[in-house]
Ligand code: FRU
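Before any questions on how it binds or moves, here is one chain, the form predicted alone, in structure tokens.
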Amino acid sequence: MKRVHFTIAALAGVALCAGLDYREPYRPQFHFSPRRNWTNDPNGLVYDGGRFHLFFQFNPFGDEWGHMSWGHAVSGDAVHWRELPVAIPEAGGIMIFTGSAVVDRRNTSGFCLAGRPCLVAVYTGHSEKLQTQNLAYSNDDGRTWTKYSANPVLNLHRADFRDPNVFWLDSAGAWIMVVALPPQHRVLFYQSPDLKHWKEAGGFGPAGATGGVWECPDLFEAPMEGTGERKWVLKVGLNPGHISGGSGEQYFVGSFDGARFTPEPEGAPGPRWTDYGRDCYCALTWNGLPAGTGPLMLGWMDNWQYADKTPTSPWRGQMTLPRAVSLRRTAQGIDLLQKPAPALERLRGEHMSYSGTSVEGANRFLDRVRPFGDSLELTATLEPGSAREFGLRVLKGDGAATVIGYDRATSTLFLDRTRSGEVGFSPAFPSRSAAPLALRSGSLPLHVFVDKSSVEVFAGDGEVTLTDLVYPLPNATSVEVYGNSGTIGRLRIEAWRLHSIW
């Protein structure tokens, strides 16, 4: 087998140029973003040797989509990231689209050297009229990659056939690939003994929401809270057609035997959305996590409606926070729960808390939070009293704010960025996203992360998430509690300044 080694010194120079200090306007301080240039989907999330690898769709030559290659960053905790040179570059007119990375511990592929496991990437090769599935491998912890000389390993001769999600399934004794047929609103399941030779085993869809193409599938097992049971989650991206507009993602819960995914009967009709905000797309879970560790998920924080217009420089695009995922059975079926990864607590700095029944008192307390209001973690439990609408305003200043509110008449939690600051770069950007949420024990628990250009809301006990990009006005760092058409009852608030990951 002929091996072709790719030298990427030139691309490394583009990606790792000096002079950047991660303090540019709107630069996220605790979300991953590349030093320069465009990024979209996370790729190849894999854990190996005590390190989290994040590969990501990356244009080494500019801040707009194009020349898709795999960027690379590593972390010891999935929070603090160090960007490395481009891992797998575009070559020969074939872009490197979204895919997976696995640790081949048994050397089923024959790619591994010296009796040690190696990393194997399974990615979509994209040209103008053809998408195929391909391999590359690394024997030096993902620093350098060799493309398999017999690529592609799977070719249906289709223009839309992409985003392989690959993992080892013990019960099948095989590698499993889940890959999308986007216009058909289907995913196909393949099996392979060696990552090179694939046999179709089954498929799923159309189902749920079909208003746009299906892409970026992920299939993983997640624990049922309070039981020893585990169930399979099939997540697929939808572009467009999301409940809040543009691109977003839905999920199905069920069983999987290596060939067939069988969804659980749902208690309520309609799609199940992973995130009700505008800016969480193509989220993937990490391969290779230690036994007993629950799924950990990360998404692209953007929307295809305006991703090429966001007002950031010299980069464009960022990732969500890592999220711990589990399941809970409810009257609506089985809900996907998402909570901030515990490792995020390592970012906590100065801490303040308040408990009382006075909105004025709470807001005097929140005045003290302003110095770290754009790098902030906030937990709040709000009792509505007689207020018909209540919640928090964050990144507030000079008449602008992002509103996290609860409407009791409709039992919905909403995230409103229509007056959040800089919103005029796209007519699709100003928006108000809403999610159904019943109050638990008469109160609203919120867990909020505010960064330089984003707000992430985890509500209830993780059953609802809302993720939005925002571009606040300079010095808009105030936080306040508000209530409309009535009073608010007891309030309990904790706030932490969050340290920069850079």
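So that there is no doubt, residue numbering starts at 1 and follows the sequence shown. Remember, predicted model here, so these are calculated numbers, not experimental data.
Keep in mind that the form predicted in complex with the ligand is missing from the display, and what follows is about it.
With the partner left out here, the ligand still marks one of 143-151, 78-86, 324-332, 209-217 in the model of the complex; by a 4.5 Å heavy atom cut-off that stretch is 209-217. The candidate site formed by 57, 163 and 304 is fully in contact with the ligand in the model of the complex, as each residue has a non-hydrogen atom within 4.5 angstroms of it. Although the partner is absent from this view, residue 68 contacts the ligand in the model of the complex, with a non-hydrogen atom inside 4.5 angstroms.
The ligand in the model of the complex comes within 4.5 Å of no heavy atom belonging to residue 477. In the model of the complex, the ligand sits within 4.5 Å of a heavy atom belonging to residue 282. Using a 4.5 Å cutoff between non-hydrogen atoms, residue 40 counts as a contact of the ligand in the model of the complex.
For the candidate set 97, 406, 204, 429, a heavy atom within 4.5 Å of the ligand in the model of the complex is found for exactly one residue, namely 97.
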